[in-house]
Every structure is written in C-alpha cells, then in structure tokens.
Ligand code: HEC
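The chain that follows stands alone, in the form predicted on its own, written as structure tokens.
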Amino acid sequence: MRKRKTGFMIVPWAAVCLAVIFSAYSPGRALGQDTGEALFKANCSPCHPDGGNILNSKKTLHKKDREAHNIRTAADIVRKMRNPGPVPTHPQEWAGMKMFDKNKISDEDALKIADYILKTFN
C-alpha cells in the first residue's frame, strides 16, 4: 500500500490563492482606505470635524449651509475642492480652505468624498 502525499499540494495552492487575492486589491483598497469616509477623514476632517468648519462657522458641510452657498451636488462639492475661492490680498487675512487639485485628490476620490458629504451631513 502506497502512502499518499497530500500536504505537498496545499502550499502551492495557498500561495496561488493569496497571490490572486492580493493582486486584485491595492494595499489601500484591501484595508478599506479608499472609501469616501476614509478619504474625508484623511483630507477634510481636520478643518471640517463632524461636518463643521473651524474657520467659518457659517460655511459648514451641513445641508442648510451648503445650499445657502449654492452647493447642492457632488459636482458642486468637487468644484469647491478644486477652486475654494480667491486668495486673500492682505498678508494677515486667513487663507481659508486650501485647494485640492487632481494631484492631491483624484477625480474618482473627490467624488467619493463628495458623495460621503452629501449622505452624511444632512
């Protein structure tokens, strides 16, 4: 009676399975770091904790304030991220929101952030 070797097949199959799983996801995606919430927390929450605004309490991310400033859609939010407003002319004026260009936040990620804002801060 011949003894069957079954253990030798497990190692290659496990390696193949792990390679397929990890190649399908980037490290950030595998950890869920590309969600709108995670992107918001990484890029926006320092100035907009809980949807507020530490620089200007009249310009929060809550629906009533967004709509008061004609920001109603995800495209409006992305436009604001890309071009937050004029740069102050006086050196002592606070610059306000910094610009998040496509090199800092991709269009795809900017839309994820915008969708998160619209769904979260009513």
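Model, not experiment: these values are computed from the prediction. From 1 onward, residues are counted along the sequence shown.
Beyond the structure shown, there is the form predicted together with ligand HEC, which is absent from this document and is the topic of what follows.
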query = Does any heavy atom of I71 come within 4.5 Å of a heavy atom of ligand HEC in the predicted bound form?
reply = yes
query = Is there a heavy atom of I77 no more than 4.5 Å from a heavy atom of ligand HEC in the predicted bound form?
reply = yes
ask   = If you check in the predicted bound form, is I105 within 4.5 Å of ligand HEC, heavy atoms only?
value = yes
inquiry  = Quick check on T35: any heavy atom within 4.5 Å of ligand HEC in the predicted bound form?
reply    = no
